[in-house]
Structures are given as structure tokens and as C-alpha cells.
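Each of two forms of one protein chain follows alone as C-alpha cells, named structure 1 and structure 2.
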Structure 1
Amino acid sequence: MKLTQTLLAGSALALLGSAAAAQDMANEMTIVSWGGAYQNSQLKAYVEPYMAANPGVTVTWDESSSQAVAKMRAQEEAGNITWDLVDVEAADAIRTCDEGLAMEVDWDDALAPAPDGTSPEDDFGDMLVSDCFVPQIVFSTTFGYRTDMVPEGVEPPTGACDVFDLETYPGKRALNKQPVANMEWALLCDGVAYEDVYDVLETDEGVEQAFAKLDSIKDQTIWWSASAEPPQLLADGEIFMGSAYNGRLFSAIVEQDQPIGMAWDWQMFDIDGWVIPEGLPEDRLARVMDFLFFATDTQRLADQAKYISYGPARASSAPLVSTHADLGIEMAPHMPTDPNNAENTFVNNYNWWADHRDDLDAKFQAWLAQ
């Protein structure tokens, strides 16, 4: 689905100090994201503020980020690059960079420094996992459950391993229709030590062990592809428990007042951010770089946390995170990085998945079809 919105041009154009520069920029930009509450946070935090009194810019949203790598490959092969800026998870950023689908970014040249003068490269620090990646947020994939479906006399679920306990917590589950996170949780909850998970998963025996664990709940699982699905399944009471992005669950719980609880244990930490397709015409690239400079500065990334419970990727943005823009509640306790939520966390190994994703995707889809 695509949504088109007309916005006024501007922002960092003022920094360029030249009306001629604006004339060299395209007036249309296609931004690829994930839809729902996350895309709305991007819209509110930095797309809508990207304005000035110059000619209007048409921004088209394409909600295809979950298929970004495949579609960027197809566009490159066809010689028809229709996307201008693509929101992806860190492992997919590495893949697009390794395959020459995304362009490298000189962070210190292309992005704004922190207010105190700290360079962008130092401000983003360890979040810069690929030469083609501009990070935005730290998020997690974790579990939500229906509070009104917890069996009487039973403690509510606390984390990922409870999804495999059908006896204590009967009912349908929902899991993402991909191997990432599911394979790690399956091994972890089958007794593999945290530090050994990827070594085990690199073997045929480890892959079979993970599938065997997932087999134990396969017939009780609804497989989701779009990130809006699991909160809706929970809201409709179609599942007892499901994996979802923590910000989507926050939206359902806090903004929509759904009877949903959070099970944070062994949440899967990840980073999300931008890649720029290789081969953009000069005028489109100029518009993208102007927008990127504005959208990833310290204040804009902090502003995004007013709308969704994802931590900003810049160190200088964190102290600026305050309250929800509409509800006025403190946002820090709802972040995946809050100490009360992060006692046991699993950090996604982006580089490992960049190397193994295609192979495990094929095996995972074959297993689903069995």
C-alpha cells in the first residue's frame, strides 16, 4: 500500500544557503518504511517538520521494508531505481551494502554534528554497523500476551520461552514468518547457552534442533509478515501470545488501552535505520541527502521517541527523550533499554545474519511448507 502526502520543501536547505541548491533537487521522494505506529512516528518527528516556503515536495510512502532486500535487488537488476530512501534493520543494511545495492555514506560529511560539536560518527558510535547505514532507533522484538487470557492462578508469562509452554499457557501463538529471532529463541529455550547460540545455529544439527523446538508449537502458531498483524491479533483475542516489535505493543497498550501485557525476557535487540539505493540520479540524491541531514539530527531522533517507545540511535539524543507527545507519560520506562525491561536481552548478531540469511530463509520456508 502506498500513501502520498504533499509537504513543503525546506529544512537543511537553509544550511546550504543557496536558492540554486533547491533548484537542483528533485521535488519527489519515495520513502520506504514499515507502516503503522512506527511510520507515523517518522511522519510526526521529521517528515512533517521538513518544510520551508519553497516549492512543494511530494513524499510517497511505500510500506515494503520487510521485503527491502529482494525489491532492491529487483530494481537494480531492472535498472529502474524507484525508491529514494529505505528503512531497514541492521542485518539487511549490511546485505544491501555488501551487494552494492546501497551507497556508502560519509557520516561526518553528510550528517549533522551533535549540539556540542561531537562528530556524527562518534555520536552514533557502535550503531554504525555498515558503511551504508544511517541508524535511527534501537528497538526490540519481544512478546505481548492477553492479560485477560492468563489462566486463573497462573503467573503471567515473562518472556520468550513461555511461548513454547502450551501446558501452562494454552492458546494460539503468533510468530514472524522468518527465521530471525525465532531460531535463536528456539535454541535458547531448548537449553543452548546464550553465548553458544550462533555457533550451534551454524551447524546442520543446530538448525534441526531449532526446527524441532518450533515443531512443538507449529500447529498452534499463526505466522505474521506485516508488523501491524500481531498487535491486531492480540487486540482481537485471536492469540494468547505473540512476538511483535516493542513499539507496536506500546501503541496497543498505552494509546489504544488494549488488555495486553509485555513479556520482556529475552527480547531481541536490533537497530533500524536508513540506506540509500545506489544509482540515484543527482537531483534525487540531493533531495535525499538534504532530508537525511535534517531527519537524523539530535533533536529529530529525540522527537521520534515522543511518539513510539524506541530508543534514539544518537547518544546526544537520549537525554532529550521526555514525554509522550499526546499522553504526557514518561517514555523512558517503556524503552527496551530500560533496566527493568532489559534483565535478559538477546542482541541480534547482524553480521552473522547478513552472511546466513538467504540460506536460512530457504530452509525456514521449506520447513513451514511441511
Structure 2
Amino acid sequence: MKLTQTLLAGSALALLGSAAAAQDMANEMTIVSWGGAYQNSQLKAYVEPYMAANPGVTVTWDESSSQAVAKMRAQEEAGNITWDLVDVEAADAIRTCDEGLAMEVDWDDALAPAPDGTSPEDDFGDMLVSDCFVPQIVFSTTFGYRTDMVPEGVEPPTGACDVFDLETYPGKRALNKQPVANMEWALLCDGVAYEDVYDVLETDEGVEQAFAKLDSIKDQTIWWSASAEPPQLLADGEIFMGSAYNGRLFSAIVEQDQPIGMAWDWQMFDIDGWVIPEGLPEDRLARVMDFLFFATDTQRLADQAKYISYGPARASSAPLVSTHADLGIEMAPHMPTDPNNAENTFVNNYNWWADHRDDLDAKFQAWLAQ
């Protein structure tokens, strides 16, 4: 109740305009993100415009998103919240929300409606996977392959299942060193229907089946843990095909001109967005809510796609996606959400993974070590 009040107050202030509300808002904000090209897209698309509109506000970046959950817990235990806004993946948003580390957000109160008046809750739709989560972008884990290493007379690979086909596409593979996505692909490519994947995976036989499928390529696979690895492995010619985040592949292909092709089929969608740490003082919270209202509106999310090939999380932003800011190429065909790329997509079941991750991770690590 207190929470909603502060939220209401925060968004009301935001609506009143920054001039009137300035004295009630902190002028410093610490934003946590992933660094690199992604953070740059946030800087260009909404932080710089926000700072231009609100002179006097300073933003400090902390590139700690990969350890965000642990650090938020440490801050909460120490009773000293130094972060104001944290960029996390959906799974981490669920975890921080469950742990009481992130604050619940009333989307319809705190966020801007779409230009046509659609409420934020409807505009974001299925992307709102946790009560604490304000989504920004949809990215996908998909496959890239070396175009010059495709055997002659063979069609290039089109999707995730080709990674298991060592006969047609010999060569090393790279997969993420964790069960999420790999287990689903293994079952899907072993003939399990899309709707049944998680039901099957919940049984011991299903887990065995997934491991059996992965066993067929285990000795040909390099397991990566940092997202910069697979594009590098592809660029070095170390692997023929590997899973990677689509934005990383995009920059390897378009910005660095590497001979890499995309195999989109059964790409795994994931969402990235903001959470607000629980327990911020009122003036800082007011500033964050003001920024959040601005930074997640339809135009801002569409602007972000100028700098990186991740799809905006709002339905209303999609038609506004234009061209790359530096290269001038159309961004739409590079978006994971583009109809040509999204024929078969897999939506990560966060809640299922929240329950089964520890269990499957132990099994997966034991399997890897065998």
C-alpha cells in the first residue's frame, strides 16, 4: 500500500513535468547494465536524451549486470542500496523479485501508455514475466555458422536442429555451458513436440533423452560461458556452428564483416529489462520512476533498435524500428522478432526454470564432467 502510494507519487510527479518536481528528486542515478554495445544502445537511445531534457542529472554506469543478483543481495544485507536501476535478464528478474530484492512495479501507473492509448500492461503483454520487471528488449539465443565451411553441394544450416547433424555439417560446435536452451533444443530435435518439451523434461526419462541427444555431439562441442566467445570462435574458424546471442552475431556479421550466416529456426527468445532495487529513499525512487517512465516509452524502445539488433519489448514500438544509426541498413530483417526469422521460435519458460534450474544444473554439470 505504501509501495503503490510511492509509485503513484512517483508517476504523478513524472507527469507534472520535471521542472516542478525537480526539488523532490535526487540528481544522481546509478544505472547497472552489461557494458559494451548493449549499454551503448541504452546510453544513446534513452540516457542521453533524458539528460538533455533534465540538465543537472548525472548518471553513473556500473557494468555489473552479470553479477547483479548476488550484488543486490549483498547490498540489501548490508542495508546500503547504491544502485538505482538494474538491467537484468528475465530469469534474474524473477529471482530478485522472489528474494524481495527488487520492488514490484505497477506498470499501468508507472509507465507510459502506447501512442494509441493502449495500456502499458497490454502493450508489453506476455513480456511481463515478473511483477518487478519492466522489459526493454527481446533478444534470442540462436545459431551462427561459417558460410565458408558449409560443405559443397549442401544447403546451409537453417536452425538449431542442424547442430545435431554431424553427417551433413561436420565440424566443431559451440554451445552455452548451462542446461537452459540446450536441453530444450535436444528434445525438440529428437522429435518431442514443442508443447510437450517441458513436460518431458520434468521426467527422469526426458532428461536422459536430452542427454542422449547431446551425447551425439558432446565430443565435437566447445562449451562457452562468456557471450563474447562464440562470435570469436566463429571468426577464428575454430567452430563450424555455435549458439550465441543474436546481437553479438549481428555485430560480427554486419559491423565486422565476418563470413558468418544466421540459422534462426528454433531460436530461443529471452527478455531483458529493468528492475528497481527494493528500499530506495524517496527522492532517488522519484528520480528513477521519472527516468523509467521516459526510457520505456514506445519511441525510446524503438530508438534503441537503431544501435543494436534486439527487438523492442513493446508491441507498439515494432512498427517504428528504422535503420542502423551508423550503417544506415534496415534493422528489421536482423531482429529476432522479424516474421522471416521467427517462423519457429522457442519461448523460454522462466517459471519452469526457476523451479528446476538447480536440479538440472547439477545433472548437467555431472554429465559434462563425465
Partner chain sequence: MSHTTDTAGAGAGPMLAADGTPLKRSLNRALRRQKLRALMLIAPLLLFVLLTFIAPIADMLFRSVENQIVSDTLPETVETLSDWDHTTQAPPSETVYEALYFDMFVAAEAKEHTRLGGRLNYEMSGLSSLIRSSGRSLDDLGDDYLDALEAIDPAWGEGAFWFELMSGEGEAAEEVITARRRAVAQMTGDRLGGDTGFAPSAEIAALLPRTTRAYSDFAVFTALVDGDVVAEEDPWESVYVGLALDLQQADVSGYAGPGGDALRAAQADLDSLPLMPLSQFFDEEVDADWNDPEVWAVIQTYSPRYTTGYFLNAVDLQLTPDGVATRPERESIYIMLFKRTLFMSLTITLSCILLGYPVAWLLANLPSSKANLLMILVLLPFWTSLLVRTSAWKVMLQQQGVINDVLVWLGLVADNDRLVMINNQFGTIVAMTHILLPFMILPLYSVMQGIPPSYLRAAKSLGATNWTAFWRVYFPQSVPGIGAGSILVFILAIGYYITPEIVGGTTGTFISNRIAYHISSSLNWGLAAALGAILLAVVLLLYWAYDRIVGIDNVKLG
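For residue numbers, the reference is structure 1: its sequence is counted from 1. Nothing here was measured: the structure is a model prediction, and the numbers come from that model.
Participant: Of the two forms I pasted, which one is the form predicted on its own: 1 or 2?
Facilitator: That would be structure 1.
Participant: When the C-alphas stop fitting one rigid part best and start fitting the other, that is the hinge; which of Phe294, Ala332, Glu208, Ile31 is there, between structures 1 and 2?
Facilitator: It is Ala332 that sits at the hinge.
Participant: Given a two-rigid-part description of the chain, what is the rotation angle of the smaller part between structures 1 and 2, in degrees?
Facilitator: In whole degrees, the smaller rigid segment turns 19.
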